[in-house]
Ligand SMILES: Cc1cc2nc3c(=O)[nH]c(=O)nc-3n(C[C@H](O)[C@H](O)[C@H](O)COP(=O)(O)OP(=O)(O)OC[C@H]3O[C@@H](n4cnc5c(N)ncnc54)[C@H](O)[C@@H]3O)c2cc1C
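Next up: just one chain, as structure tokens, the form predicted on its own.
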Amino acid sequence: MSEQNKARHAEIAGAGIGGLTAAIALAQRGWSVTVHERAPNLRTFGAGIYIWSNGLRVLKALGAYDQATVGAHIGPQFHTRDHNDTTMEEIPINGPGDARLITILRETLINTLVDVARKNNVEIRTSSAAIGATPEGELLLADGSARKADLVVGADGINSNVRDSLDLMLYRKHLGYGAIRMLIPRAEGDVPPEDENRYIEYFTGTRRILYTPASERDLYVALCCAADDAEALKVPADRDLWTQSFPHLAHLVARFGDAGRWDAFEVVKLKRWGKGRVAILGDAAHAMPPYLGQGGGCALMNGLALADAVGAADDIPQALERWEERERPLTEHTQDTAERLGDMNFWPDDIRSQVLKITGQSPEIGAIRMRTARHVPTAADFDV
């Protein structure tokens, strides 16, 4: 019996965005799927997430859009402000002809994907850690067992054991920058009334504050700084220090609590996105800094495209090669563009302000930045 005519099975390491997307899409194509999550539960760190048009189309294709977007925030513009609180760049969104952008809680997205996965009979095993895989299609678990599958997916994060067991790393680069991420309740007075519903990124020196309404009640804040800015990256955040850098945000900074987590920004690139019957997905394959808000979007796109590529393929390894050939160029364009945007973190304020005011008026540069956001992912031809 050919592979095309028999029931297929997939073993997936990692119950994050990429792993769950691939699991749902495979199950919808008739596969049986087991997802292994090393943590004892499926809760996520409290933060918001940006989902652009490309990711929204994937959610529609999965049947997850309506649930995922309940309570989402839909802002009118994305602003970049300088050290004087002057707008350097304004990106219109969500209007006629614009790219769409919503923000939601990361927990909302994961919970939605888990619900849709279970409705499609995906088995999710918690406290089940993957330690490696074989090109022949075995997922190796910490309990000593080996799970045979037609397809193994390593979606187990930036420190992926599945990826590293197959010697696929080309390089992993620390970018010398990162962020403290936190969720706090929204409140009047954090910003002027006309800014309350906008997405705004504020610069001062090598520090940034990202202001992101994530729902009617929740505000996602990221405090960004260089990795050697020892005082700024402390958790809990030093409110006096951040107020000195951003006096116009004093009301907001005063409400920072003790929560938050420092995360360093990194880039991961692989020699190949897989080997044999194993595919690597999400941050394990293409971690990127968050300047385009496309880490989750690329995981959604590539998870759906992976399932579409192998769904009815007679030769799984060959299908994985075609998947990588088709999807990798746009993902690496996104990585490279995001990394270049990070260079401005270290520019003097006046130079950064002048450059962004000029580039913000360039349709060509805008098209480069928005290329991924406007992309129609494989098997997701839906209007949003």
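Numbering starts at 1 and follows the sequence shown. The model shown is predicted, which means the values in this text are computed figures rather than measured ones.
From this point on, the text means the form predicted in complex with the named molecule, which you will not see here.
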| item | value |
| --- | --- |
| Position in contact with the named molecule when the complex is considered in the predicted complex, options E107, D164, D238, D263, heavy atoms within 4.5 Å | D263 |
| Partner-contacting position among I49, L356, A68, A27 - heavy atom within 4.5 Å of the named molecule in the predicted complex | I49 |
| Contact test in the predicted complex: L281 vs the named molecule, heavy atoms, 4.5 Å | yes |
| Residue contact check: R352 to the named molecule in the predicted complex, 4.5 Å heavy atom | no |
| The named molecule contact at G297 in the predicted complex, heavy atom, 4.5 Å | yes |
| Non-hydrogen atom contact A10 with the named molecule in the predicted complex at 4.5 angstroms | no |
| Which of 153 to 161, 249 to 257, 79 to 87, 186 to 194 lines the interface with the named molecule in the predicted complex (heavy atom within 4.5 Å) | 153 to 161 |
| Any residue of 124 to 140 that, in the predicted complex, places a heavy atom within 4.5 Å of the named molecule | S128, A129, A130 |
